[in-house]
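There is one chain below, alone, in structure tokens, taken in the form predicted on its own.
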């Protein structure tokens, strides 16, 4: 079965969907509202499940070439610098860290020429049973399937499931990229917040500080100075990373997710990635789950006798898994930023035998990471 699709959104999930469709012989157009194709944000890590999805998309080697192995999940510390768990840096690590723009570029370069169209903000979606159409400006375009990959504030989702606004989780985060090389990656657990470090390409480091917040949207004029004050006395290299980040490059975001949707498909419209299951970053699975979505959606379209059956299969396979991961990430976030639970948490981690901890962060150490993608048939011709 072959067909045509409209992908709304040119982020990592949208580009992965287009590439997956190309792999099964479909054609697609990607409509991105920004005037130029770019990825907003700083860094990320991808677990083995996401790396397998990238391999199935045909860009596994290219992705690894712009990624850096990170031992963050094996190096857990307290603000005074004490190690609760310490990675053996000569051991392989299951995690790969990226600057978001680098991974985004790998996917964009693999999408067929002419498929990506920028400065197209989709404001409406309609369908008549066998076709779906979108409108941007004065233009209307139709296809066999519309794939909504337009993020947590998805305009398409508001049409399909109107009463599904994002939920503020009571936490906020500062992010940045610093010109600091040769860091192995680590997570520092403090009372009420944690500081994450990942090495990324070209001798840089991605960092993030996540903590509690009473309300969304609270900002100050000098975010870098505010963050420096909050983390006064925390161990090296945390002060150096913040100092090495230009003040205007410090990103401050509020953490939100979506409550579980009753479905990811309505008619010929399918939600993908954050549009379907935006989740907190605490399990590092947001982008990874969008990559999985793309592969499973394409495999369903290639493997079923009708588009409607394929979309039902996609919803059946993806909704339980992604919603369970989102629930787990929400719970992890509450636990790792809880002052009340801090002492018990660090005691438990410190008492865990190192071999047992390493087994848990191995490539097949948990059910989320053990996921294997369905096969996509290479594009004919």
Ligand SMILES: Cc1cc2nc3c(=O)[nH]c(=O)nc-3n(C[C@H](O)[C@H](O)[C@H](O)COP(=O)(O)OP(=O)(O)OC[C@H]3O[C@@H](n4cnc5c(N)ncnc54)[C@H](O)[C@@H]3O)c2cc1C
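Predicted, not measured: the structure shown is a model, and the values here were computed from it. Residue numbers count along the first chain shown, from 1.
Separately, the form predicted in complex with the ligand exists; it is not shown, and the next lines address it.
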Quiz item: Which of these residues, 177, 122, 87, 187, gets a heavy atom within 4.5 Å of the ligand in the model of the complex?
Solution: 122
Exercise. Mark residue 56 yes when one of its heavy atoms lies within 4.5 Å of a heavy atom of the ligand in the model of the complex, and no otherwise.
Key: no
Quiz item: Using 4.5 Å between non-hydrogen atoms, is residue 334 touching the ligand in the model of the complex?
Solution: no
Practice problem: Report whether the minimum heavy atom distance between residue 33 and the ligand in the model of the complex is within 4.5 Å. | Solution: yes
Quiz item: Does residue 274 reach the ligand in the model of the complex, with heavy atoms at most 4.5 Å apart?
Solution: yes
Quiz item: Can you pick the stretch from 280-288, 213-221, 69-77, 125-133 whose heavy atoms fall within 4.5 Å of the ligand in the model of the complex?
Solution: 280-288
Exercise. Indicate whether the candidate residues 12, 100 and 151 are all in contact with the ligand in the model of the complex, with contact defined as any heavy atom within 4.5 Å.
Key: yes
